[in-house]
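Single chain ahead, written as structure tokens, the form predicted alone.
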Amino acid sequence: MTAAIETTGLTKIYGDKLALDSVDLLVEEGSVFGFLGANGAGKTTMLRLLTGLTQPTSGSMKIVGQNVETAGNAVRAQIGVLPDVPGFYDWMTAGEFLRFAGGLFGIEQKILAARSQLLLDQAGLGDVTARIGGFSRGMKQRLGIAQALINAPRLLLLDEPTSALDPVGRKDILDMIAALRGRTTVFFSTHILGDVERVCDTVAILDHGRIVARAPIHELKARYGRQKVFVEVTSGADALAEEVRRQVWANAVSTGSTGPEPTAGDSTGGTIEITVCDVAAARRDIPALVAARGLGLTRFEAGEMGLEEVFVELVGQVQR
């Protein structure tokens, strides 16, 4: 199968700033791929390179098997792009704008009319007759994705599509992205980790212009993440936490009080959050530690580290 995106040693330098540092990246066709990094990590530079808006200092890049630098419009015709701040003609309606955008690709009018209506319906704008100037930010983002799909691209590039949206607008956009899985490859560049965790199947983490990890999300969590255990007791939380810190399976322990200020006898209850390297041992030993102290146990559960914690762990390792 042809990769949707393939870069080798991709490097971009602006003056004395290294924006991308020898990036090797492979994005499979049909995936929803999360390109994750903090602001300034190099995400927008990558998108500008992939769309041909700027040229690399060194390295190579292919989209659906074609060299971006030499194939020109043959590659661009297979790409849909939603920039971080999309531009529209505010005096147009959504339908007029889509038909205008489709006309730039030379799409036959009959096909264009049917495709425009289908995309407007999918974007929840099929019955909207108002001009774009009166649209909310969420409506404009949904229209932007519809416009990016008007040429039936094999690859959709999204630059921070949810960063300025309210929760309702964000949900609408994420639902649209999720619905594209298997039909169009989606390259979703963002710094919002929760959005990536919700809709993406594979992720690459970019830090200071370098790829520090690339894997399916579940593999990334299994490889770099740790399990967490939460214990809540009615009393003796501080003493129990100290005992837990001495266990070989405990990597980090923190507490939060749920009762009055601690006394000399440690009568306060509270929640203990434990990052563990061996969840089976923790499940076995913690109830025994609680029982040995005669404490009242009101909560005991284990959970996997989220993508946000994996991201902080990886980026922190690079920065240290």
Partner chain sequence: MSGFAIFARKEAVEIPRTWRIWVLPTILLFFAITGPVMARFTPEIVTAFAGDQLGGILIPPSTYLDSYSGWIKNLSQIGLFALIIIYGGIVSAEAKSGTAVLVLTKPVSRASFIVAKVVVQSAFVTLLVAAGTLVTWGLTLIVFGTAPAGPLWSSALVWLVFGILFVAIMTLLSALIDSTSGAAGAGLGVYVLLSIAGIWKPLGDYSPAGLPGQSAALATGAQVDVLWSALTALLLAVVVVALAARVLDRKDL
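Positions refer to the first chain, counted from 1. Quick caveat: nothing in here was measured; it's all calculated off a predicted structure.
The protein also exists as the form predicted in complex with the partner chain; that form is not presented, and the subsequent description refers to it.
Peer 1: Does Leu53 reach the partner chain in the predicted bound form, with heavy atoms at most 4.5 Å apart?
Peer 2: So Leu53 counts as contacting the partner chain.
Peer 1: Looking in the predicted bound form, any heavy atom of Pro83 within 4.5 Å of the partner chain?
Peer 2: The answer is yes: Pro83 has a heavy atom within 4.5 Å of the partner chain.
Peer 1: With a cut-off of 4.5 Å between heavy atoms, is Tyr89 one of the residues that contacts the partner chain in the predicted bound form?
Peer 2: Judged by the heavy-atom cut-off of 4.5 Å, Tyr89 is in contact with the partner chain in the predicted bound form.
Peer 1: In the predicted bound form, does Ile79 have a heavy atom within 4.5 Å of the partner chain?
Peer 2: Close contact exists here: in the predicted bound form, Ile79 approaches the partner chain to within 4.5 Å, heavy atoms only.
Peer 1: Heavy atom within 4.5 Å of the partner chain in the predicted bound form: which of Glu219, Glu96, Asp166, Asp201?
Peer 2: Contact check passes for Glu96.
Peer 1: Looking at Gly133, Gly194, Gly126, Gly103, which has any heavy atom no more than 4.5 Å from the partner chain in the predicted bound form?
Peer 2: So the residue touching the partner chain in the predicted bound form, by this definition, is Gly103.
Peer 1: Sort through 31-39, 284-292, 59-67, 44-52 and report the only stretch with a non-hydrogen atom within 4.5 Å of the partner chain in the predicted bound form.
Peer 2: So the stretch in question is 44-52.
Peer 1: Could you list which residues of 146-182 come within 4.5 Å of the partner chain in the predicted bound form, counting heavy atoms only?
Peer 2: Counting only heavy atoms within 4.5 Å of the partner chain in the predicted bound form, the single contacting residue of 146-182 is Gln147.
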